[in-house]
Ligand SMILES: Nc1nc2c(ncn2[C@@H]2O[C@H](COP(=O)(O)OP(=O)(O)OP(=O)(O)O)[C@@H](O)[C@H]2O)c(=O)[nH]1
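Only one chain is given next, in structure tokens, and it is the form predicted alone.
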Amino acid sequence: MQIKVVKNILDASRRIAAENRALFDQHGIYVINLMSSPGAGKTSLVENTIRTLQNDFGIGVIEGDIQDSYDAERIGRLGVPVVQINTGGACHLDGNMIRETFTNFDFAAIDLLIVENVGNLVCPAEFEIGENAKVMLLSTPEGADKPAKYPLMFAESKVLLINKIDLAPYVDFDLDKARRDALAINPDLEIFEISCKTGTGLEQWLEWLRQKIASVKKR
């Protein structure tokens, strides 16, 4: 009985995510589900992305945290619409939580919706929210063993951003191992080495994002 209940919950979650995706497609919105452990640099990446792209695209942000609104306040200062979701203990966002934010956005004015998921290397990868792509952010101080330890995150993602690459020489981060293990799990994974602090590699990430937004708009 418990297995049936869990299956029903997951089926309902997937259905809601599909409905979200249909709505996003209708409005020509590209949606990324940004995932990482706490402190990897998700909010800094979102800030950098907004600063570079907001003159060319309409951007909206959904911030997911267990508690507090600090990250949403940071993003709000950049002048883009942002909604904070506090899960109250849940380790991930799901499609229903995302759907509850829709009345706060003018979808006609949005080209890119960034969902910053709760900092966690397990749960967020298990739930779809209606995104076009899951994007995984791994920071070098976390160590190169994370793909092998948390394979689902890397298997489900379309992009792996290796952040804080400027710190790699000081934290003994084995870049070759991280790349090798990640690609063994997901051979189609696109990998960018970046630093949100110095700006290294960000243009490659932003160009990838520009192309994806444009591809949705052409449909």
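As the structure is a computational prediction, the values presented were derived from the model and not from experiment. Just count from 1 along the sequence shown to find any residue number.
Keep in mind the form predicted together with this ligand is missing from the figure; the text below concerns it.
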### Query
Quick one: does P81 come within 4.5 Å of this ligand in the predicted complex, counting heavy atoms only?
no
### Query
Just to confirm, S36 within 4.5 Å of this ligand in the predicted complex by heavy atoms?
yes
### Query
Is there a heavy atom of E190 lying 4.5 Å or less from a heavy atom of this ligand in the predicted complex?
no
### this ligand contact in the predicted complex: G119, any heavy atom under 4.5 Å
yes
### Task
Would you mind picking the one in G28, G58, G41, P151 that has a heavy atom within 4.5 Å of this ligand in the predicted complex?
G41
### Message
Does this ligand, in the predicted complex, lie within 4.5 angstroms of each residue among D71, N163 and K197, using heavy atoms as the measure?
### Response
yes
### Task
Spot the stretch among 111 to 119, 128 to 136, 143 to 151, 90 to 98 with residues whose non-hydrogen atoms come within 4.5 Å of this ligand in the predicted complex.
111 to 119
